[in-house]
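Quick setup: one chain, the form predicted alone, written in structure tokens, and binding and motion questions come after.
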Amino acid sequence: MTTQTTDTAQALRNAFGHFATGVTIITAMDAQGAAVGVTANSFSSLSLDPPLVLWSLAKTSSTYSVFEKATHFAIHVLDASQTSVAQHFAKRGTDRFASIGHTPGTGGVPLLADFHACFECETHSMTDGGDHTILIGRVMRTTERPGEPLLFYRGQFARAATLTAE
């Protein structure tokens, strides 16, 4: 057994990495009508009534000002076959929509052509979360597709070895 104190940001990050998460692409439109997107694994359900979800974005993100002002956004849960899409949207300084098919959704947000599930949201509220901002969205529409989820675990993309539905 390894025990490590969380006296550094890297130690804390390593400990957080032991919690497997899904991988999402969050999209919105900027003030000039350009599509913006970012890879995130900080997505979570929040409430069924009203239907709310949350995710967080680093205040240092190049997309921060867009999401801070956005009235709508879409959360695309990725399929296990979409590792390259997650990596593409995680890169800085590239046109993330250059080769990615999309159509307009609720509030004009870009909806990716391919995903495992999608939550089209109206921005409900934002709150400070240290070096991140927590964005809460009211779910306006959902879409689900069959497939296997893409996971993020210990700093790497992963697949679920087995899923047990009971």
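We number the residues from 1 along the sequence you see. Here the structure is a predicted model, which means the values were calculated and not measured.
Quick note: we don't show the form predicted together with a small molecule, though the next part is all about it.
Judged by heavy atoms within 4.5 Å of the small molecule in the predicted complex, the contact stretch among the candidates 55-63, 137-145, 105-113, 119-127 is 55-63.
Among residues of the shown chain, residue 90 is one whose heavy atoms approach the small molecule to within 4.5 Å in the predicted complex.
Heavy atoms of residue 42 reach within 4.5 Å of the small molecule in the predicted complex, making it an interface residue. For the chain shown alone, residue 72 is not a contact residue for the small molecule in the predicted complex, no non-hydrogen atom being within 4.5 angstroms. Taking non-hydrogen atoms only, residue 29 never approaches the small molecule to within 4.5 angstroms in the predicted complex.
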